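One chain is shown next in structure tokens, namely the form predicted on its own.
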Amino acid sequence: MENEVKHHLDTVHEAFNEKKISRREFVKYLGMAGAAAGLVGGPFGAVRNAFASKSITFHGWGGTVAEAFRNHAFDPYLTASGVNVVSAAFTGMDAFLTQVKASIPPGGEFNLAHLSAVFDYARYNDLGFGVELDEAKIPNLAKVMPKMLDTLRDISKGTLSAVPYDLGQTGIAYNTNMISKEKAEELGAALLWDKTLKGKISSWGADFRTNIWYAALYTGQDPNNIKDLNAVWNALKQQRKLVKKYWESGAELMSLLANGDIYATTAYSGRVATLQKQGHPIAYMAVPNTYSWMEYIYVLKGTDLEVAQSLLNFMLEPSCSIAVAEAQGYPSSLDPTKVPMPESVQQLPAYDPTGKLDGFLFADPAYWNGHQVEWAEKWDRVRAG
């Protein structure tokens, strides 16, 4: 019976990948298979009876990102495994880390977190909050872009405490009805300091890194090795006079752009992709050394690793990963030279068809973590005017 169900599931899974059946039909079959055999085999390896009635928490970004994970990963996984993924949204990386620190021990209230940027991976590991994943139980890791895996392994001394899931950039978004492509490309980062746009400029207020990064580019410096900090702070003070308001979440960013309240801003590439899909006249610009980042699912100490590893492998299955990528607007971590990507993913901002990510500049963990307290405090003062 078990082998027969696995065979049928593999057949249905192949049909889904070839778009011969719908996602609804595929998920329906998963539930039928689980009910009939007490397991889901094939590419998932999740044992339904063993996981029945269990749950795991997932903290991540809200809005369209949360919807993408719920609809295309968590609900199908519940059907397949019987495990309920309880999700919650955080507003920023620093605030979430503060909550985790207050959880004693970590891993009770907090299990999985959809974190951005490698410096956070280093912070969590340095604090002893990480785990050592059993990669043999996450076979779909073999399909992930090597640079993403190697970047994390270099920090955690050869092991993994997280699974790379998607990648993106915090680039520059602008309203094409108000700003021409020629002007935007001519100014580059200086667009965010254009005095003719006074009262129509914005940036991510909760993150000192994004603002310092672009002030470094504006003043002609390497964001990972700033030589003239005074020039950076002076630039941010001048920009403050041009800013209408600082946005605090991806949802607010989208609202400000969609309503025409702002014309130019730092912006998540995926949120811009969503606005474009909705028909808004918003363009995305990646200037040289654009702030690039990978997002990964971090597993906190104390988490049930059997459940976590099962969920992570499910989420890395191409049919799931690609569906999430299409819905949230961020390219998948899967290597496009190993896993064919549909046109919808290839058109996303920050997509790299080579899978090598050679043109991506990530924040140096030691550099940015070493200046966090000082720069965060000073940014709060500048932001307050």
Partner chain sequence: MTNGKSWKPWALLSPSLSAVFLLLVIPVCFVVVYSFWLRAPSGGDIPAFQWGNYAKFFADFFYPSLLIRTIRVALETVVLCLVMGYVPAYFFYRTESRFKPVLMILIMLPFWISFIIRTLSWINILGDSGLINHLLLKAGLISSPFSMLYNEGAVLMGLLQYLLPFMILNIYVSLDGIDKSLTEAATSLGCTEWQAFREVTLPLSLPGVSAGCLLVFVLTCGTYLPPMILGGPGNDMIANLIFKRIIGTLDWPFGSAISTLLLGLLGVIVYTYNRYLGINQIFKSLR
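Positions refer to the first chain, counted from 1. All of these numbers come straight from a predicted model, not from anything done at the bench.
Another form exists, predicted together with the partner chain; not displayed. Remarks below refer to it.
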(message) Please determine whether residue 198 contacts the partner chain in the model of the complex, using a 4.5 Å cut-off between heavy atoms.
(response) no
(message) Within 4.5 Å, heavy atoms only: does residue 189 come near the partner chain in the model of the complex?
(response) no
(message) Quick check on residue 376: any heavy atom within 4.5 Å of the partner chain in the model of the complex?
(response) yes
(message) Just checking whether residue 229 would be counted as a contact of the partner chain in the model of the complex - the rule being heavy atoms within 4.5 angstroms.
(response) no
(request) Tell me, out of 94, 109, 306, 194, which residue has a non-hydrogen atom within 4.5 angstroms of the partner chain in the model of the complex. (result) 94
(message) So the partner chain isn't shown here. In the model of the complex, which residue out of 153, 181, 101, 237 has a non-hydrogen atom within 4.5 Å of it?
(response) 101
(message) Using a 4.5 Å heavy atom cut-off, which of 259-267, 140-148, 109-117, 211-219 contacts the partner chain in the model of the complex?
(response) 259-267
(request) Look at the candidate spot formed by 61, 67 and 185 and say whether the partner chain comes within 4.5 Å of a heavy atom in all three of them in the model of the complex. (result) no
(request) Residue by residue through 349-385, tell me which have a non-hydrogen atom within 4.5 angstroms of the partner chain in the model of the complex. (result) 372, 373, 376, 377, 380, 381, 383, 384
